[in-house]
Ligand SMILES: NC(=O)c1ccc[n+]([C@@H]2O[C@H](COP(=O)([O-])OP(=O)(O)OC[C@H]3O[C@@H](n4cnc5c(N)ncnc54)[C@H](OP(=O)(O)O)[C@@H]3O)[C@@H](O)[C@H]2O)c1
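In the form predicted on its own, a lone chain appears below as structure tokens.
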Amino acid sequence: MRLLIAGCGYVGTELGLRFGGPGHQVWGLRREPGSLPKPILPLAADLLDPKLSERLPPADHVVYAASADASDPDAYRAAYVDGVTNLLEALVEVGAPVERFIFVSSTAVYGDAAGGWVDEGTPPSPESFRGELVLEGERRVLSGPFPGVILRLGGIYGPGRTRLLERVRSGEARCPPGGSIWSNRIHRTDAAGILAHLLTREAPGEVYIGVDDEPASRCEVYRFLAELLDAPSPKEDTGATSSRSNKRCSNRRIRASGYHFSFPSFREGYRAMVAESS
């Protein structure tokens, strides 16, 4: 496999390391790729460059894993719409023999479901520019020139992402008011594992959700972490209002495709993180 990972960051680097052995070539495209570990081949390029085609390697598989560098509409459009459009056009321009193009999307495309379940058959209904622009990027890929696959990831956590642990340890984490606000997450190992699975699966479907087995209320996660870290149990923030969408995402389709999770719930994932840091 000759794999181009466009936007080779937190998840893309983990993915690239899985395909670095004999029989594979992996390029990691980013503006400053000097820190990418071997055997990922660094490719310095900007996804918005009109001359991007001049920089492209002879890839036959592509994973688009770029992310916005700011939380505003312009940054999201650049990352999820303009960048992927430019890359698709550049690949066509050079006649790249792309057999599969995977777009790393987000469960934000579903919006709020009032605590109900959503799956790949649930019509997207984004609530903000974030979900709207990510969904537009999905449509560019699925209507594009190459066989496309969409992976909608939940909240990604894992090594190096310790902000939540620090908030719980310091007592800053607060339970949201008004009952359960469901959250959906996936460990970086499984986010990269699912991408590897979809790259090598013979005939994948068009859309998959990438979350672990167990949606959980944020307060349940906070209390588990407080016990794990021997920290004070979080209190309810009675003065706050929740602005987060409330839904439970199903991973049945990716499970049914044969993928087996390394971290089937937040418990296994956070235990591993705490053990690694101790």
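Just so it is clear, the model here is predicted, and its values are computed rather than measured. Numbers follow the displayed sequence, beginning with 1.
What comes next is about the form predicted together with this ligand, which is not displayed.
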request  = May I ask you to state whether residue 20 is within 4.5 Å of this ligand in the predicted bound form, using heavy atom distances?
outcome  = no
request  = Using the partner position in the predicted bound form, report whether residue 153 sits within 4.5 Å of this ligand, counting heavy atoms only.
outcome  = yes
message = Does any part of residue 11 reach within 4.5 Å of this ligand in the predicted bound form? Heavy atoms only, please.
response = yes
message = Does any part of residue 106 reach within 4.5 Å of this ligand in the predicted bound form? Heavy atoms only, please.
response = yes
query = Exactly one stretch in 212-220, 62-70, 228-236, 249-257 has heavy atoms within 4.5 Å of this ligand in the predicted bound form; which is it?
reply = 62-70
ask   = So which bits of 14-41 sit within 4.5 Å of this ligand in the predicted bound form, heavy atoms only?
value = 29, 30, 31, 32
